[in-house]
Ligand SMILES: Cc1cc2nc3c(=O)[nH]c(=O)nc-3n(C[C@H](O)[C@H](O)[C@H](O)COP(=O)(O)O)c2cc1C
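The chain below stands alone, shown as structure tokens; this is the form predicted alone.
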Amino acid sequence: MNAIFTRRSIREYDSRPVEPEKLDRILRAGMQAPSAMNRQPWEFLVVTRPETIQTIASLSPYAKPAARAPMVLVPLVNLQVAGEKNRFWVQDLSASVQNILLQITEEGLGGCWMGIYPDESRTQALHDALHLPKQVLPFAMISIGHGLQENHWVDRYQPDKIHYETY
């Protein structure tokens, strides 16, 4: 549980690239997430070209960490794989992103989740910038790199938010 308790949103990185073996484990962790009806509707776009990173970082006022990262991972949903009746792909992708963030921490790296979906303007802008197929939507952006800050434990436990049997 160390990664759960020490994971932080790291927004500053040095210029070293992310090692391929670490990226492989990060992507594997994302694909280990639970998914409704085991559809696994996720796909991932790895962005390392600085000019592309700068372009996608400019698409949201909250994407500044992406502009400073050597790598941005874009989790995608393939709506054909998700299926018309599967409204739970948002949970699927959210679980995948959480696994990714925990593995980033486990790898000694820093990362930051930047929301794209369900904001329609951000979703469409990123979709267009990355030239994605019609049936594929971007869900989020995750900046990844060797963080300039360290992951450290912050106690967020709040017993007053726990209820038993009834509210």
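Because the structure is predicted, anything quoted here is derived from the model rather than measured. Numbering starts at 1 and runs along the sequence shown.
Although not depicted, the form predicted together with the named molecule is the subject of the following passage.
Checking I56, C112, L137, I100 against the named molecule in the predicted bound form, a heavy atom within 4.5 Å turns up for just one residue: C112. Using a 4.5 Å cutoff between non-hydrogen atoms, R16 does not count as a contact of the named molecule in the predicted bound form. Interface membership of G30, defined by any non-hydrogen atom within 4.5 Å of the named molecule in the predicted bound form, is ruled out. Residue contact check for H146: none of its heavy atoms lie within 4.5 Å of the named molecule in the predicted bound form. Put simply, R11 is close to the named molecule in the predicted bound form: some heavy atom of it is within 4.5 Å. Here the chain stands alone, but in the predicted bound form its contact with the named molecule, taken as any heavy atom within 4.5 Å, falls in 58-66 among 125-133, 58-66, 35-43, 102-110. Taking a 4.5 Å heavy atom cutoff to the named molecule in the predicted bound form, none of the residues in 75-106 make contact.
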